[in-house]
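Heads up, the chain shows up twice below as structure tokens, two forms, tagged structure 1 and structure 2.
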Structure 1
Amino acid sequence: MGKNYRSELVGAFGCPIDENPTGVMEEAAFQAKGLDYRYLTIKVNEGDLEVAMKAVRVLHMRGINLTIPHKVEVLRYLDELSEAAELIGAVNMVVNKDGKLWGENTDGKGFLTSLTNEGITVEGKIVTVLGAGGAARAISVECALAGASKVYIANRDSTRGTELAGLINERTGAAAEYIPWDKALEVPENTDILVNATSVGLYPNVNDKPDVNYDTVKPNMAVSDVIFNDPNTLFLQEAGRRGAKTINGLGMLVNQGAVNFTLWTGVEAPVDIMTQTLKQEFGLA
């Protein structure tokens, strides 16, 4: 067989996506493992996802990541789902298996690993999640499956919030309760882990923070944010000032990226290199 000049393609579809650093991390991992893969960061507007997913097949891409606003919409264009993705009702990564598109959700798995790396377990804990979109669904369901005793869902849209709470109550061993979020949120005082799973604070809106009464954040709480750009969010700064332990979105991004890497390539991900690359990218190394 002659020399192969064709690189294997993976990437991400989203909008906004210009400031998403996943490609830098994945490219460093491909290079470290000697793999001829390329990660393409592609802007796909809302309403254009069907055409973009057809391109995954046409271009023989190995797979794709999905980010805002496509994690739920993409379900319409997939052939198969993992058990977790079916339960969560959202997908953040797809593997192209010889033309069949298989969807998985690695957001919640990455989140749990980031907590574990900080010495935090969700088993028996009470978790309050801000939001009910794709990332919030993944985190809420994975926390419930991992043994959380209760999950509070705070969301402005009551339909989505009550639906997610109902799903957790019906399909997992955890209790769940919807909290209306029509004013500054009072964090339930029995909360052990507080998570911002909304897009509030995502670049370029780095001066925004979720509408929370931050004086209800207590020192015994662990507070996490899914936002990774900028990782030092105002949400985490406010929580830190109240004495809470804070965990930024970089760990979740690295850990879900590592799972994606392995699902696409069949090779164990170089997590240390991926972590270091992201830290350098954000000036944290």
Structure 2
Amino acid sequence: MGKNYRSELVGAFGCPIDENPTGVMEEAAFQAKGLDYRYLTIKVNEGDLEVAMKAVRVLHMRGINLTIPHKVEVLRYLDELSEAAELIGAVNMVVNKDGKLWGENTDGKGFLTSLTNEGITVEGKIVTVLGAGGAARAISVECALAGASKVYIANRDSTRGTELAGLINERTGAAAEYIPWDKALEVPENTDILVNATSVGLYPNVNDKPDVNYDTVKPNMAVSDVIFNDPNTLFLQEAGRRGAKTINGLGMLVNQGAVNFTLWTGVEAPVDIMTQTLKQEFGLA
């Protein structure tokens, strides 16, 4: 057998994509595990995804991440979907299984792992999710599949909110209820886990926080934010001030990347190295 000069390829398709730091984290992980893989951060415009997905097959890429605006569109070009991805209706990662493209959504799984790492489980718990967009759908569906007893969905747009609550009621074992969000939100008092899954507080709007009556956040609640840039959001600061345990969005980001790493390589992900690498990228280490 001759020497192999060909690296295994994975990466991300998106637009905008230039500021996406995932590649740095995944490449550090490949190096740490001695794997000859490369992660390519690739700009794919809206409308060009079909050709790009053909390239995944033609170039024998091991898989690909999808981000804005491709997470829903990509479903048309896949051979198989995981149960969660089918329910969520969006895919953030694809594995090329000998020419068959299998789609999965690991955002919610990364979220659940970030809770588990803090000693929090969702089984039998009441979860209140702010938002009904992509991240909120992934988180709500995974919480429901993981045995949450009830999921409240608060969203400004009632169509998106009721649709998500309906999906959880019909397709999972959890009960769900839509909460209209047209004034400062009163967090349901039986909430165990409160999640901001809106884009409020995302850089550069770091002085924004979701419109919540923060005095309804109680010390027995675990409060999490999907925003990772900057991870010390005003939402988490307000919750922390009320005595709640807080979990920032870096854990979700690292852990979805770790699940992706393992699905592509079959190797356990070096989560500590991935966390450290991301913190360095964000100037937090």
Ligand code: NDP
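Throughout, residue numbering runs from 1 along the sequence of structure 1. This is a predicted model, so every value here is computed, not measured.
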property	result
Structure number of the form predicted together with the named molecule	2
Hinge assignment for the rigid-body change between the two structures, options 148, 255, 226, 223	255
Domain reorientation between the two structures, expressed as the smaller rigid part's turn in degrees	18
